[in-house]
Structures are given as structure tokens and as C-alpha cells.
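We begin with a single chain expressed as C-alpha cells, specifically the form predicted on its own.
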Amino acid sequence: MGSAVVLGELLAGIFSPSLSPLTAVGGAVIDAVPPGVKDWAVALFGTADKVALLAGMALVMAALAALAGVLEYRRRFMGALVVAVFGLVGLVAVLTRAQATLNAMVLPVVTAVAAGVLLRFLIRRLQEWGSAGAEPASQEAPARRRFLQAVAGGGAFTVLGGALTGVWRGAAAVASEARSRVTLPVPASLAPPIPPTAEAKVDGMQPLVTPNADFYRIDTALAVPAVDPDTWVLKVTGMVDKEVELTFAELLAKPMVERHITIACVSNNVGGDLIGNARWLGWPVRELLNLAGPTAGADMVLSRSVDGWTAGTPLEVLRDGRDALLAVGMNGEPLPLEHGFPVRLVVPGLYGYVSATKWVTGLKVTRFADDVAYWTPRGWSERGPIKTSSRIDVPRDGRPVKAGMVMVGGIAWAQHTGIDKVELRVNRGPWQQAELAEGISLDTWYQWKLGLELPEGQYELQVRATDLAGTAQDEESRPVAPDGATGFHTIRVDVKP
């Protein structure tokens, strides 16, 4: 069965780069799992959640293959029935995906047929071996050898074909060649220079601007969608005076804005790393909406990804003057493939599940009362404003440090509001104000540091932030669902002599 799946993936690389049976089933699984399971997976595996899902799918397929083999050996066609169900599941999964095409629909059928043929071939070889067992050893050995050769050949094809698929389909699916041809325009409005005092300069701190390769990725796309910028079109529909269509070339010709903006995932636990700060290049969404002219009563923009994922963003947030962007660039280069190439949304102050649509292809101006986005019916709140929070990055939780002056450092954020102060306390004692580095802008995180004289012993450190509106970080510990985690990041430090 593994060989048949690999064959299906290889054929998908030729006939359906955007959708294969494996990615269709994986996407359907992601859509079907309860929110609690999703939160558990992100908390346990972080940005490796998709690798974990693929590993789990491989184990399930191995179990199904074993079951099919046992049933087919005992009674003909019983194993083939398992394979048929396997193919039907793949077909149904393909039909649920936004990228479904006729080619994509044929592939699960081809995969199931190939699995059935291979199953029957192996069963015949196994039966020949079993029949030869009653014959002299000189006749049994060739039969055993033919069966083992068939199994080894199937295994080799699975391994080599899987490796080839990873190279071939991956390159096709992410449209890397198309990205390499994109030249970003010079911004009409450059990002303000980073102040020289914006870095706390504590050893072990992460960079003030997150490199693209280190930027977190959380989305529902098991395989990165293939989007050709030459055929990409963004459509604005719904409650508007006139519908608007925008091509990639037309978008690049618009006066671009460049800004540093910190974005965060709602699944980021207190102290977590599902947050990053980058220099984004894009056209303000409000300018596009102004062309369409939202009508009275509209209060939400439902953005849609090429793979069908949706986010519901409050209309007023996209028009209130903040730097909500149709982003085409990230840290001086075209968007990385996994971060939404060719175009994505970046909205300061909102969690990604209600704003940061990657591979965006549609904006529907509508009402919260009339439409729901992907995560809302799964128990998440509608609007998702980012909560003020802070994190200790240095020293690391549970790691020993040397007695004396211990430098503590980290980040704090209240996107689109800004941070006023950061405080630290030791063993639940009085709060001590940390040195707050200058912010790049109200839409980015701030670094901070504080030196503590700590003798030998064990200590608990906690941090809290207060935003520029005077609102202190919420101390009560709450989980990420339904609208973001709260609580003070707490670490334990073992101070050695």
C-alpha cells in the first residue's frame, strides 16, 4: 500500500501538483479533528505538527496494509475490500478540498487500483511459498526467494519513490521557480529605521527581527499550495459598491508600504515561541477596500486562501489607519513559499487565525452575523485581538546559572498599542522594573533586560508587562482557547556557586 501511495504522489507531481491523495486526506483530518486535539498537537509538536501528522498517517497506512494482507490471504477479495475503502476515503477527501480538479479526483482511484494489484501479486507469491513448503527444500527456496524479492522491491520503490516525491513534488508544489523571478518594487514608504537602542543586548536573546528561516509557521496546509503569480488574482466581493479584481502585476505597481510588524498565533502558550517580528512589504488593505466601497451594515472581511481556509477580520480594523497589508515581501525578499507566496495578509494587533491569511485569493465584505470563518465554528472567538504579554528568554527555564549578577532578558508585546513597562519579580516578591529597550514601533515586540544579584539557591522568576494604555498583563492563567492564553511567564532558575 505504501508503494501505491508513493505512485499516487509521483503522478500528482505531474498531473495535480496542488493536491494529491495524501495531502487531501491529511487536510481532511486537520479539518475534522476537534479544537482540543489541534491545541494538543501544536503544544506538543509546535511547528513540527505536520511532520507528526504525516508520521501518524504512515503508521495508519502500514496497519491497513497489514490488515489487508492478512484478510486477503485468508479469503480472497476481503483484503481488496479494505483497499477499495482506502481509495474511497481518498476520493472523498479530494472532493472536500478547494483545489479539487478532475485530475486530482482520478488519482485516489489509480492509487487504490495499484494497491489492489500489488496486494494480489504479493499474496500469490506468498501462497506459492506456502504451497512449496510441502515440497522438497530445493523447490521451497526459490518460492521463498521470489516472495522476499517482491517485498524488498516494493520497499525499495517506496523509499526511493518517497525521496523522489519529496524533491519533485515539493519543488512543483511551492512554485519556487516562479518566486525566483519576482522582483520586489521599491517601497513608496520605507520602514522607519530601527533605533540603535531597540536591542537589549543580552547574550542568548533571539534577534530583534526574526530571520525568515526561523519564523514560526502554523497553518492547516499539509503541503504548501502551488500558486503561480502570473495567474494569481485577488477578488473583492460581497457587500461592496463594485467588485474589484487585482492581478499580481497590478499589485506590485501600487505604492508599497514597508513596516516592521510582529504577528502571533493564538495557539501560542504563555512563554511560547509562536510569535515573530519581520519587515513586511505590501499595499494597505484599506486602499483596496476603498476601491470596492463597502456598503452600510458590513462589519467583517472574510479572506480566503487558495486552499479554502478562511479568516474573518473586523472591517474597522482594516480601515482604521493601521498598517494592515496585502504583503508581498518579508525581510527584503519575496514572501517565502511557506509563508504565503505570492500574497498574504498581515494585520497588526490581531491573532493570525482572524487576520493572517496566506496564499490569499479572495476578500468578501460581509457581516459576522452572516458568515463564519474556519476557526469560529470550532470554538474560537470571532475577533481575536492580541493580548498584552511578555516572555523571559534568558536564562532558560531550569538551566543552572552562576551565582552573582544574573542578567535576565526577554520580550514583551501589545501590538498596535505598545508597551509602557516590564517588571520582574523573584519568588513572588516585590515587582522590579526592567530596562525597556526602545520599540521599533507600536506594532512590534519590545526587548527588555534586568540584572539580578542572586546568591546560590533556587529561584522562581515571573514577568509582566503593562501597555501604553495603562492596562497590565492579565495574571490569571487561561488556555489558548478560545481567544489566546493569559498568565505570567514563570521560570525556575538553579543558581550554582
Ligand SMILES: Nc1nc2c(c(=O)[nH]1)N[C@H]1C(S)=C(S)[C@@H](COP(=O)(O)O)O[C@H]1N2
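Each residue number is its position in the shown sequence, starting from 1. Predicted model only: the values in this text are computed from it and were never measured.
The form predicted together with this ligand exists for this protein as well; it is not shown, and the discussion that follows is about that form.
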| item | value |
| --- | --- |
| is_contact(Ser305, this ligand) in the predicted complex, heavy atom dist at most 4.5 Å | yes |
| Leu363: touches this ligand in the predicted complex, heavy atom cutoff 4.5 angstroms | no |
| Any non-hydrogen atom of His339 within 4.5 angstroms of this ligand in the predicted complex | yes |
| Proximity of Trp413 to this ligand in the predicted complex, heavy atoms at 4.5 Å | no |
| Partner-proximal stretch of 115-123, 181-189, 355-363, 291-299 relative to this ligand in the predicted complex, 4.5 angstroms, heavy atom | 355-363 |
| Phe215, Cys265 and Arg344 each touching this ligand in the predicted complex (heavy atom, 4.5 Å) | yes |
| In the predicted complex, the one of Asp323, Asp219, Glu72, Glu423 near this ligand [non-hydrogen atom within 4.5 angstroms] | Asp219 |
